[in-house]
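Take a look at this single chain, the form predicted on its own, given in structure tokens.
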């Protein structure tokens, strides 16, 4: 008698199974977090959150709690203080964030990984390769690209100009908009030299394969003290990738991200037909010093809900031998 049971998965559910298998095969263990945390924890970390708006409630003991707006902070809090060397974990969780469009908060499902602890170039290479492999699993025959940049390049230019934290945030935002004209006006208005502002504008509008933009990139930033290590790491990461994955890479310094959060390589993944990035991540440092050390690491999240919403990915059918498995 056949006791098997077929379970039809949505494209997002099938994606989670595929990603989970990939991450486990590379030594990442499953990490489960609660859906909420004490609000004070996030209140002390607001500079690292995408939005200062956090969804809160009061529990039965009177404590003010918050539904999780971020997974990385919770993972760093729980595994970063172990002192057992780098911790490699993956997760499949939801976060609750302000939509930013006036429609209130929304639940966002994420599958991702974190390597908490010491990060060297080899760890960056592994994270970028896994990000590319994740896109390759999800693209379902469509084209996919991973936009890669490095905060160290932009930071080195701003360091050479003696720029303070407030200006750095404004520069990062304008670079993200790729608005060279406004960036030039804002940068020179903030005291950045015309030469420094021009470098930032050239980086903001630079886009292409690592080979195609190499000359332009080194022309714009190669002579700035401090840029060399970041540029060398970027090209070392690209060189470490198999040919098929290397073809996914584009350099895009408008994606330098929040310089309060990221400290090194930053990347975003896109799949044709989905209007927003389906993957984002990078290297971070200095998180949660109040928990015993300024923890660093590298990781990324895949926004699996976008695959379902935009029709990306493919469904699958699982066959279980045990009829009780659902």
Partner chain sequence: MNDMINVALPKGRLGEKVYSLFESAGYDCPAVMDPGRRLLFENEEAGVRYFWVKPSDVPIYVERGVADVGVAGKDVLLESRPDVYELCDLMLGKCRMAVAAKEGFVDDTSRPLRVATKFPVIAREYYASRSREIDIIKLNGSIEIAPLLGLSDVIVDIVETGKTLAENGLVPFETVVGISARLISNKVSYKFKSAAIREMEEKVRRAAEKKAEETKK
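In this text the structure is predicted, and so the values were computed from the model without any measurement. Positions refer to the first chain, counted from 1.
Missing here is the form predicted together with its partner chain; even so, the following discussion is about that form.
Novice: Taking the partner as it appears in the predicted complex, which of 142-150, 220-228, 124-132, 159-167 has residues with heavy atoms within 4.5 Å of its partner chain?
Specialist: Flagged stretch: 142-150.
Novice: Check whether residue 191 has any heavy atom within 4.5 Å of a heavy atom of its partner chain in the predicted complex, and answer yes or no.
Specialist: Close contact is absent here: in the predicted complex, residue 191 is far from its partner chain, nothing within 4.5 Å, heavy atoms only.
Novice: Check whether residue 155 has any heavy atom within 4.5 Å of a heavy atom of its partner chain in the predicted complex, and answer yes or no.
Specialist: It does not: once its partner chain is placed as it appears in the predicted complex, residue 155 has no heavy atom within 4.5 Å of it.
Novice: Taking its partner chain as it sits in the predicted complex, is residue 275 in contact with it (heavy atom to heavy atom, 4.5 Å or less)?
Specialist: Contact with its partner chain, yes.
Novice: Is residue 176 near its partner chain? Define near as a heavy atom within 4.5 Å, in the predicted complex.
Specialist: Although its partner chain is absent here, residue 176 would touch it in the predicted complex, with heavy atoms inside 4.5 Å.
Novice: Please tell me which of 182, 198, 212, 107 lies within 4.5 Å of its partner chain in the predicted complex, judged by heavy atoms.
Specialist: None of the others qualify; the residue that does is 182.
Novice: Quick one: of 205, 94, 240, 78, which gets a non-hydrogen atom within 4.5 angstroms of its partner chain in the predicted complex?
Specialist: Partner contact (heavy atom, 4.5 Å) among the options: 205.
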